Each structure stands twice: as structure tokens, then as C-alpha cells.
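This document opens with one chain alone, in C-alpha cells, the form predicted alone.
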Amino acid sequence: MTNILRLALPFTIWLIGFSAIYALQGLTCSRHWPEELEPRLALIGGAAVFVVIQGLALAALLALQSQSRFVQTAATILGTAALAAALWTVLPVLTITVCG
């Protein structure tokens, strides 16, 4: 894994996940959402997938050591911060009403 990819990966995944979760929330609140599908379960499932992918990215960063100690340390810090950001991002999905 190149150094630039190692540093950019955590928050790139967070950005994609953040966008996907709130796009899904908008879709579940629209009239186009099928009535037979529970919107809250879809959002919780999407949030769980988002956090798992973010955790797997951190595990990959830890498993694939960089030749540069600085890059390895920075990537680990960025991965941990991105995982914390993912958890913080999905917190409203889990705690408040879906459509207000």
C-alpha cells in the first residue's frame, strides 16, 4: 500500500460512509421508499456496515506495516480518528427518530 493511500484511506472511507448514511436517510423519508421495508432497520443496518468497514480499514492499516515509522504512526492515528468519527456520525441514526 503506498504511503499516500495509507494516509488518505481512513477519511475517504468515512466520507463515503457519511454520504451514504445520510443519503439513505433521505431516501427512507421520501415517498419513494417501499412501505414494506422498515426505514429504521435499513438505517441501523447501513450504520453497522459503515462502522464495520471503517474498523476493517483500521485493521488493514495496522496489519500492513509501512517502511516509514512516521507514516505508520500517522495512518494509525488517522484510522482511529476516522473510526471514532464514524461512530459519532451514526449516533444520531441510532438515537433519534428517522423522519422528523
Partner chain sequence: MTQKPPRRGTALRLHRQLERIWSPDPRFRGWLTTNNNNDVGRLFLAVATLFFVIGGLLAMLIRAQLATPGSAFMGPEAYNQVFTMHGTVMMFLFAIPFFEALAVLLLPGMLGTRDLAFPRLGVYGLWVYIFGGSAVIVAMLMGLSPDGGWFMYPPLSSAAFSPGIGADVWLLGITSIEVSAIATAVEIVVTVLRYRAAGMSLSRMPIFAWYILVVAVMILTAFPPMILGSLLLETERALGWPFFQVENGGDPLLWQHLFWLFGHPEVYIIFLPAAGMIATILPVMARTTLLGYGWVVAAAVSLAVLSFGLWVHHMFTTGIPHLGLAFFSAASTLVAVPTSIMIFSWIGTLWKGRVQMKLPMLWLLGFFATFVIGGLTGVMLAIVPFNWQVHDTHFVVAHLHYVLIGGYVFPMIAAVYYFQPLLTGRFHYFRLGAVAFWLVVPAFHITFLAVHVVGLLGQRRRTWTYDEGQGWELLNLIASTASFVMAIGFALVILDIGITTFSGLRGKRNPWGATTLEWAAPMPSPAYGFASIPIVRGRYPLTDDPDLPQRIARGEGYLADTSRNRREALIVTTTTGKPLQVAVMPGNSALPILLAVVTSTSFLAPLVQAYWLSALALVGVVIVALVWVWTTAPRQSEGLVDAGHGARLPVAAESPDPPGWWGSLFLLVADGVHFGSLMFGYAFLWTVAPNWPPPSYLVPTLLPVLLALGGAAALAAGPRLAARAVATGHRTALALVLSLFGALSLATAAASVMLARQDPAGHAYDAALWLLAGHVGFHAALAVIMLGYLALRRISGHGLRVGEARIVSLWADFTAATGLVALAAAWLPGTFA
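Residue numbers count along the first chain shown, from 1. None of these values were measured; they are calculated from a predicted model.
Just so it is clear, the following notes concern the form predicted in complex with the partner chain, a form of the same protein that is not shown.
- Contact check for residue 27: a non-hydrogen atom falls within 4.5 Å of the partner chain in the predicted bound form.
- Residue contact check for residue 58: none of its heavy atoms lie within 4.5 Å of the partner chain in the predicted bound form.
- Looking at residue 68, you'd find a heavy atom of it within 4.5 angstroms of the partner chain in the predicted bound form.
- In the predicted bound form, the partner chain sits within 4.5 Å of a heavy atom belonging to residue 43.
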